[in-house]
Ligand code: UP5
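A lone chain, given as structure tokens: the form predicted on its own.
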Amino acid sequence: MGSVVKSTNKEVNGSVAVKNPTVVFVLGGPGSGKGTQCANIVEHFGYTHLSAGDLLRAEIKSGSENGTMIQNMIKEGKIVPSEVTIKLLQRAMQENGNDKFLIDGFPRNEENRAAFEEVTKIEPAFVLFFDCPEEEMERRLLSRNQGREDDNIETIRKRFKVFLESSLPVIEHYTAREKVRKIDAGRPVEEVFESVKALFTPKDEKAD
């Protein structure tokens, strides 16, 4: 049933097989440009991009027992238990073999965060928070997804509200630990990436 881990990476007590992986949580509202910036980080800094949503969708598509359970929960409007999402993230990390991961769109709430640290024994190196004005995210989503039913103005605003209510406690938790790196994501893509690059470039490589 469990994932097969290569013998070189022994699994210990269900924790991630890669020794001390570097994990960066990536948070931001819908339309904040997270996906674009994650692709840039992968290309420039060799991270592996893991999206909690993509992993859940792939599991559903696989037709596994777990996938059917996830699909039924989503259909009923229930939130998929943290442990389910965390197991998928762990498996993806183990199978990938890289030691640097961007985890996108997770933790969605404080319960996710606590469970992730409890299960994996990993604390993120930092949290990359794309802070974008609501009007700008709205404008981007409406222009990007013309004709998509789920992107009408009411739905978009609902998604913003859910993001703020559930994710702000996570951001506050890590702010208290001085782990949040807030990026002004309302600017053009290239400018945003310049700010992102500064966070990922090792200090000794930065020009004085």
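By rigid core we mean the largest C-alpha set that fits within 1.5 Å across both forms. Throughout, we count residues from 1 along the sequence that is shown. Predicted, not measured: the structure shown is a model, and the values here were computed from it.
Although it is not shown, the form predicted in complex with the ligand is what the next lines describe.
> Can residue 106 be called a contact residue for the ligand in the predicted bound form at 4.5 Å between heavy atoms?
Close contact exists here: in the predicted bound form, residue 106 approaches the ligand to within 4.5 Å, heavy atoms only.
> Taking any heavy atom pair closer than or equal to 4.5 Å as contact, tell me whether residue 197 reaches the ligand in the predicted bound form.
No - in the predicted bound form, heavy atoms of residue 197 and the ligand never come within 4.5 Å of each other.
> How about residue 57: is it within 4.5 Å of the ligand in the predicted bound form, going by heavy atoms?
Yes, residue 57 sits close enough to the ligand in the predicted bound form that at least one of its heavy atoms falls within 4.5 Å.
> Taking heavy atoms only, is residue 74 within 4.5 angstroms of the ligand in the predicted bound form?
Residue 74 belongs to the contact set for the ligand.
> Quick one: in the predicted bound form, does every one of 41, 46 and 90 get a heavy atom within 4.5 Å of the ligand?
None of them does, since no heavy atom lies within 4.5 Å of the partner.
> Within 67-100, which residues come within 4.5 Å of the ligand in the predicted bound form, counting heavy atoms only?
Contacts from 67-100: 73, 74, 77, 78, 79, 80, 85.
> If I superpose the two forms on their rigid core, does the C-alpha of residue 92 end up displaced by 2 Å or more between the shown form and the other one?
No: residue 92 shifts by under 2 Å between the shown form and the other one.
> Once you overlay the rigid core, does the Cα of residue 133 travel 2 Å or further between the shown form and the other one?
The answer is no; the displacement is under 2 Å.
> Superposing on the rigid core, does the Cα of residue 71 end up 2 Å or more away between the shown form and the other one?
For residue 71, whose C-alpha is compared between the shown form and the other one after core superposition, the shift is 2 Å or more.
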